[in-house]
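Shown here is one chain on its own, the form predicted on its own, set out as structure tokens.
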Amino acid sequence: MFDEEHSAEVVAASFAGTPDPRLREILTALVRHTHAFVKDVGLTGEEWAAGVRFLTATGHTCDDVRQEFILLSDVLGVSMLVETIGNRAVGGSTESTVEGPFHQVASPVRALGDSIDLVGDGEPCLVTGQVHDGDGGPVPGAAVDVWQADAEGFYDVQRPGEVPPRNLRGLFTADAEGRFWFRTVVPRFYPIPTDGPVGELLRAAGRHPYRAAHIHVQVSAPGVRTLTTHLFVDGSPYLDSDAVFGVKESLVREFVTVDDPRRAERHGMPNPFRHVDFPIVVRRDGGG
């Protein structure tokens, strides 16, 4: 029978016959921790109802472009924790971080060296890198998917009708040596959307909504584990207080100023320009 002292055990027992062992484990742990939370804070009926209303509003805010539940998971640090547990960096592999709520549009295929900036605003930047495996060998033909905010801190999906669709997005294929390079602009820090329930939560908690400036990078290839990571701009505000806890020290890079007309001409860049090199180490399937 149900009582306060044994509530978790009674409810968890109802899931004892769940056929899938992993689902049974998850449900049992969910019940145990949820009941412990309710008892720990002495949750009232009014507070529980407010929580239900908040989650309902979160669901109503989701659409084909926006995923408010991902945003909620992000600001609670759950997204980063799940990502870190599932993709622990070993053997010098590049650390992973969250995909974020804006990877909703298929990136257009672009040739190496192309610009992903379709607007022409912002400080020109050349991004270079090379994809290696844990043994130091190149990963030829790796798919390098990139997306970022613009120089004002907006993604293309946030400015429909103002900027071309798929601005600052690109899907590149690394060369035979695993190298990739493309032209873009230096991204700006930006706030996550705050016009929904997650924004209300942040305001109630006295937290800011800003993310440090970064470029999203996702690398995949046959025989390797897909890596989702960020390239953070050194010196950006909010590196030490990123709203979704996405910053890892190993992913922060200096975007150096290059004043070299010949080099600028070679890469199709104005002079001067910014340059950042981002070597990426991925793990082979079955690797430690």
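Values in this document were obtained by computation on a predicted structure and should not be read as measured data. Start at 1 with the first residue shown and count on from there.
Absent from the display: the form predicted in complex with ligand BEZ. The rest refers to it.
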- Item | in the predicted bound form, the residue from 151, 202, 143, 192 that sits within 4.5 Å of ligand BEZ by heavy atoms | 192
- Message: I need to confirm a contact call. Of 178, 170, 187, 101, which residue comes within 4.5 Å of ligand BEZ in the predicted bound form, counting heavy atoms only?
- Response: 101
- Message: I need the one stretch from 93 to 101, 126 to 134, 108 to 116, 159 to 167 whose residues put non-hydrogen atoms within 4.5 angstroms of ligand BEZ in the predicted bound form.
- Response: 93 to 101
- Answer yes or no: in the predicted bound form, does ligand BEZ come within 4.5 Å of a heavy atom in every one of 231, 248 and 253? no
- Query: Quick one: does residue 244 come within 4.5 Å of ligand BEZ in the predicted bound form, counting heavy atoms only?
  - Reply: yes
- Proximity of residue 182 to ligand BEZ in the predicted bound form, heavy atoms at 4.5 Å: no
- So, in the predicted bound form, is residue 213 in contact with ligand BEZ at a 4.5 angstroms heavy atom limit? no
- Task: Would you please decide whether residue 174 lies within 4.5 angstroms of ligand BEZ in the predicted bound form, comparing each non-hydrogen atom pair?
- Result: no
- Hey, which residues along 50 to 85 are within 4.5 angstroms of ligand BEZ in the predicted bound form, non-hydrogen atoms only? 71, 74
